[in-house]
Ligand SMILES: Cc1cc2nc3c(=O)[nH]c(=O)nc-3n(C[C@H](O)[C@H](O)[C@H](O)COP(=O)(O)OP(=O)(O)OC[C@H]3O[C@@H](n4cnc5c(N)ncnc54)[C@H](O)[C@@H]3O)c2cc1C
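Given as structure tokens, the chain that follows is alone and in the form predicted on its own.
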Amino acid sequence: MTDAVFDVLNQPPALEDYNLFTTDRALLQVAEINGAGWAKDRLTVYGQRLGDAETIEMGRLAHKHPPQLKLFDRFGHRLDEVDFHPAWHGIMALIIGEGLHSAPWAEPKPGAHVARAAAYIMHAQIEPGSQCPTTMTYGSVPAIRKDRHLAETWLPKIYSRQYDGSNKPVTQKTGALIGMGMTEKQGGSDVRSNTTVAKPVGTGGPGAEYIINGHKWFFSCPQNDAHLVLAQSPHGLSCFFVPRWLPDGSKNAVQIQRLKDKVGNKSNASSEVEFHNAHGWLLGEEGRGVPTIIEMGTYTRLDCALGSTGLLRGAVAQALHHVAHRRAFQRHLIDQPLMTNVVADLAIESEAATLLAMRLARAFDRAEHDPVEAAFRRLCTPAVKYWICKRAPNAVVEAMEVHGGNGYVDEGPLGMLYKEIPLNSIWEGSGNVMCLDVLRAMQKNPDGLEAYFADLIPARGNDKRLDAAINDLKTEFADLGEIEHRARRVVEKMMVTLQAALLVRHSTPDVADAFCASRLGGDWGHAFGTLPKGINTRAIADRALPV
């Protein structure tokens, strides 16, 4: 027997040492279209850094070696600490150094949220667990800014681009990260059923100190320096700022019970905690906890959509890289018509998600000064979050199947993407919660629906299928009977129509035609890879190749 039979042949090289930004033509174009052209050089540098083999390996190690809980030291003293693999700290230094936790607040400028969104989409492809503490810190800033004392103490640390993973009071640190604690065992999304209680130390009121007792069933990133926590105060559910360390240098009485053993998101620590006379400071007014913390939730919902967009792009990039190198039956897989159909269909889904998520990010940039964009943001944030997070899992599974058995082996990147992708659909409100929130937004502010339809106008007249979808959608809203029963159907139509309009305006004719033919024209099967004949599938696949 010769050594030749043991040669490793026809295995694609690892997708590494490439630039996640410059090889993603859709992201590159849409970042500029939405006002972040000024960030091109920085995004190019970050895209290369993320695509380096060293960074990819760091992400793999962070995922492979999950955090460990240390409740006590060897003498029995309470610690409540979380130990992370060095790779986690390396990834955190990277994402904080890029400013994804605070740059739009610390360095505000037109397109700042869009530039951050582009970087966030790229980072999700390499190590998504680190995005949880980053996202919550990003979302916490608007609430913290409303309290002058907290803002003076905490915002300089939050705005810092120096990652500091040490466990000590914030005054002794070079940077700070924020988390949140809303969910309890008995309530889930129904936070008004929370039983955790907060009693004022004095007379109470905004900025006052309270004593908190109770629990949180999901307490994200217990290692973070402070958390926004919901608790029942004398005047109703309220939001409190709860630091890990108190101003006198002692540890706050937030006791970790265990870390969650999650399906994915392995590198990130999620926990259950109890409050035993913990100290917190009221943010906003008593009884207004949900409106206070929901502003944080608005930004974290954006990041759910961005994160799923990134995970989807990562899976599609891996699939395209695979079929461009792997051969079967004397041809590369990408040259085989049915496989070309599959990867082109996946590429369309990925680009549509990218355009939709980045359009939403633009609304975040402009909402403060443009009431139309503010109305669009309020209506479309839960809708975009619902749709992208709902669509992405099926596409990631299909991308895994493209690899065959190699895709199902956890040594490769598809396993992490596969286990991570359901999370964003659940976190910050599951599908029903999002769709009902869209209806709530429509009822409270009709301007949102007007802003949505205004976004479709520039695309009218370019594709008959799109024009028909817009008219059909208007008919859908003309009859509000059983609208709650139809909520998912309505939101789906809204988002597919908006994706089509964005593709018609900003993508290539091949991609736009394929999307409208399949998603709007009804000429599509029940699985990816069923694009109708006449579609230029090879041009679509080539556009999405990570080269």
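All figures in this text were calculated on a predicted structure; none of them were measured in a lab. Numbering starts at 1 and follows the sequence shown.
Not on display, but discussed next: the form predicted together with the ligand.
For the residues E349, E428, D437, D225, the 4.5 Å heavy atom test against the ligand in the model of the complex is passed only by E428.
Between the options K444, K262, R78, R258, the residue in contact with the ligand in the model of the complex by a heavy atom within 4.5 angstroms is K262. In the model of the complex, the ligand sits beyond 4.5 Å of every heavy atom of A361. Remark: Y452 does not count among the residues lining the ligand in the model of the complex, judged by a heavy atom distance of 4.5 Å or less. Using a 4.5 Å cutoff between non-hydrogen atoms, P371 does not count as a contact of the ligand in the model of the complex. Proximity of V433 to the ligand in the model of the complex falls within the 4.5 Å heavy atom cutoff. Stretch 187-195 is the contacting one of 143-151, 398-406, 361-369, 187-195, since its residues have non-hydrogen atoms within 4.5 Å of the ligand in the model of the complex. Residues F218, F219, S220 are the members of 194-222 with a non-hydrogen atom no more than 4.5 angstroms from the ligand in the model of the complex.
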